[in-house]
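Coming up is one lone chain in structure tokens, specifically the form predicted on its own.
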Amino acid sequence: MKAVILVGGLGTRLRPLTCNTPKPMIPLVNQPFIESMLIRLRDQGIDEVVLAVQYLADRFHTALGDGSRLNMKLHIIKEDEPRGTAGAVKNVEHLLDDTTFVFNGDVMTDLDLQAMLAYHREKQSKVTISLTPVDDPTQFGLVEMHKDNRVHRFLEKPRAEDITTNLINAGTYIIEPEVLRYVPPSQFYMFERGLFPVMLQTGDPMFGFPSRAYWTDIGKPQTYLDVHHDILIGKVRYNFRGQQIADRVWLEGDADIHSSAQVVGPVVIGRGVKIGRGARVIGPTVLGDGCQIGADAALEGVVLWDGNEIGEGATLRNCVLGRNNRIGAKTMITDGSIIGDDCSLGPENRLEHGIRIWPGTSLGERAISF
């Protein structure tokens, strides 16, 4: 079974985390998101995947190669210019010869793909769109269906009085390659505003597949943090790497944890982590490889990428740190704040209210109270 994953976006909403790292390559519980996604697809019967790439394409080649490490076949196809969702699939049409899954590369879901495929075949559909219910439909594109779940129309960000369904496009499709004849070659063309409306006009069978599977877009800072929390508290099915060393505490290799330190799960600890005297690490929290947590530091609900050094008495809560940052003693980082890579923050800074610090920034002692 084949799939195309759309990974051409710049990840602008996630900056500064994506300044040096393509959005699909950002770590999810200490593993590149795209890698965990590929493993999930492989385990559900997809053995050949095409990545439609544009931004920082070389990073995908370096990390994934030809897919053999993951026991699958992988094609990494770079776009010279943005093609849009349908245009990107049209660009790799020569690799598609049968029913194909299409995924957005920033969607985290535990959707049952085999159930969706069986549904697609039962309906003899040409395109099947996964759908998920939301609490506030006014923020999304709604998909209206007939009683047999055949798609009737699309309604983009409707007014409250116009809402007839709470089901939205969840970003997983099954297509028959023949529908790509409607997509113009070498042009920017979208599924949502191009191919799907055309298929409503032509009458090609297109069905919705409603599901209550877990679904979220990891492409915004708060949702990126939220999906970590959801994984750690068990809201979404996930196979943790490493071994469980305490109640809901997973260790990926060796770590140096001081006997007086307090670690309360759910927590994932990477290789070579050091947690100092009197430090408190409270879940849901992820510590990347090589992180060093200073004495009496307090961390809760945070995601640290590899190589961060947290100073003595620092407080981190509900925040994300990129790679190789140095956080000074008694500095406080809270409230959805995001720190890029290779930053140096001196002692007793205070960063709150979702502030974003760009890679390579240096701050002196007490330079910011935000």
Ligand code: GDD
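No experiment lies behind these values; they were computed from the predicted model shown. Residue numbers here begin at 1 and follow the sequence given.
As for the form predicted together with the named molecule, it is not shown, yet the points below apply to it.
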*Given that the partner is absent here, state which listed stretch (276 to 284, 110 to 118, 230 to 238, 212 to 220) has heavy atoms within 4.5 Å of the named molecule in the predicted bound form.*
212 to 220
*Spell out, yes or no, whether the shortest heavy atom distance between residue 141 and the named molecule in the predicted bound form is within 4.5 Å.*
yes
*With the partner left out of view, is residue 83 within 4.5 angstroms of the named molecule in the predicted bound form by any non-hydrogen atom?*
yes
*asked:* Is residue 208 part of the interface with the named molecule in the predicted bound form - any heavy atom within 4.5 Å?
replied: no
*residue 289: heavy atom within 4.5 Å of the named molecule in the predicted bound form?*
no
*Heavy atom within 4.5 Å of the named molecule in the predicted bound form - residue from 174, 249, 168, 96*: 168
_Only one of 54, 44, 324, 31 gets a heavy atom within 4.5 Å of the named molecule in the predicted bound form. Which one?_
54
*asked:* Please determine whether each residue of 154, 157 and 192 possesses a non-hydrogen atom within 4.5 angstroms of the named molecule in the predicted bound form.
replied: yes
_Heavy atom within 4.5 Å of the named molecule in the predicted bound form: which residues of 227 to 261 meet that condition, in order?_
none
